Structure formats: structure tokens, C-alpha cells
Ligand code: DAK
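Have a look below at one chain only, the form predicted alone, in C-alpha cells format.
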């Protein structure tokens, strides 16, 4: 597929999806969502260990959904558009490998929702987050009303969604929305450095960890711990588990193969 609105960059450690509509501050439209879905499917390859998402330039990660495309939608058309967004976010959220949002600049509306669908969020010092949909007579439609509260707590999520106000990187870090903050120049290199660390770890164990955390979250504790036990047991079918434990007992560095 030829991408018009994103760049898919494949590296030794994994891949980066770079949102690339700089004139629109990387705003999301249906065409971009379709391209992201295709790129995520490519990233399911075993050769890709980690996925980073970021925006081109320093002004914006994703400044939101494309309002020009949405303005005159009929409710049935709006529903189809929201469902496409949900499908995209869920593909990202359930991708069986670590994902990092490297948030450079504005991450508003759909931009915050994309970041919420990633496992971790690293931010530049000039990053700004928000769900301003209420100021446009609407509400978040790509998972913001659900994922934000799960990450930062319901009270804080309601404050952000009800007011439509933006928060800076420092406040995002204080409330647990962001894992790490870097200078603009450091952001992507530091995200890559962390991705390289993860890429050197047992990929199947990372997959099982993500599966257990994601799908156990809404289960009862008994069912969630049963899921965890099953995921842990599956790791014992892999060569990397044998290598990791042997290396520990032999007091040497493990050499993981991804098998």
C-alpha cells in the first residue's frame, strides 16, 4: 500500500508509524485511519518487535480528528466514522507487542485517544494533551471516555473531558497519563533506546504479559489470576524461558532468540 498520510519506518528494533500531515497538524481523517490499520497489520510480523508512533515535525503528534471531514456528517455517517476509529484503536491496543506513543507537541482529541491505545506514552516538554470535543458540541468518540479514566482515574478524566481544557506534559506526568518526559530533541531517540531494550527481551513473554494485563483488567480477580497463570505457563513452551532460567542459574547474560 502506498501511504499518503503516514510513514512506516522499519528498523532492526521494530517499526515506527509517523503521522505525516504537517499542514493539518497531523489531524486524522478516514484515509489516514485506513493507512494506520494497514501499517498495524504489517507490524504483526514476527520480525517487528516494538512499535513507536509519533508525529512528523515538532508541533503535533496528532492535533485531533479532521473537523472539515466531520462537520456535516449525518448521525449514521458519524457512527460509521467512530466505529472506524474504534477499530483502529483496538487494533493498536491489542497488537501483540509493545507500543510506545512518542508524543511531540499537540495530542488533542483523537491524538490523545491514539496515545491512550498505546502501552506507554513518552512526551516531549512541549506536548499538550486534551479532549476538547465538548467545545465542539460533541464528546470523545474513539475511546477517550473509556480509556482515559482507566489510566488516570475517573475524577480526573471527567475534569478533562467535561472542561475540554488542555494539560501540559508536566501535568500529564503528575496524573499518570505520561510515563516519561524528554526534550523535543531527545524524545524520539530515547523512545528508540527503550524500544531497543524491549526488542532484546523474550518476545513471547512480552506478548503474554501484554495479553494478561489487557484482558485481565476487567475480569474478576479470580478469573484474571487464572488468565495470568495460563499465560505464564505458556512461556514454559518456549526456548527463551529455558535460556533465561539457565542463564540465571549459571550467572551469565541470557541470549534470547525469540523462540
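Values in this document were obtained by computation on a predicted structure and should not be read as measured data. Positions refer to the first chain, counted from 1.
Not on display, but discussed next: the form predicted together with ligand DAK.
K.L.:
Each of 44, 50 and 179 within 4.5 Å of ligand DAK in the predicted bound form, by any heavy atom, yes or no?
P.N.:
Not a single listed residue reaches ligand DAK in the predicted bound form, so no.
K.L.:
Ok, 193, 38, 226, 59: which has a heavy atom sitting within 4.5 Å of ligand DAK in the predicted bound form?
P.N.:
Residue within 4.5 Å of the partner: 59.
K.L.:
Among 226-234, 193-201, 25-33, 207-215, which stretch sits within 4.5 Å of ligand DAK in the predicted bound form, heavy atoms only?
P.N.:
Stretch with heavy atoms near the partner: 25-33.
K.L.:
Would you classify residue 175 as touching ligand DAK in the predicted bound form, given a 4.5 Å non-hydrogen atom cut-off?
P.N.:
Heavy-atom contact with ligand DAK at 4.5 Å: absent for residue 175.
K.L.:
Although ligand DAK is absent from this view, report whether residue 167 comes within 4.5 Å of it in the predicted bound form, heavy atoms only.
P.N.:
Although ligand DAK is absent here, residue 167 would stay clear of it in the predicted bound form, with no heavy atoms inside 4.5 Å.
K.L.:
Since only the chain is shown here, I'm wondering whether residue 98 would be in contact with ligand DAK in the predicted bound form (any heavy atom pair within 4.5 Å).
P.N.:
Outside the cut-off, so no.
K.L.:
With the partner left out of view, is residue 82 within 4.5 angstroms of ligand DAK in the predicted bound form by any non-hydrogen atom?
P.N.:
It does: once ligand DAK is placed as it appears in the predicted bound form, residue 82 has a heavy atom within 4.5 Å of it.
K.L.:
Output the sequence-ordered list of residues from 108-125 with at least one heavy atom within 4.5 Å of ligand DAK in the predicted bound form.
P.N.:
Residues within 4.5 Å: 108, 109, 110, 113.
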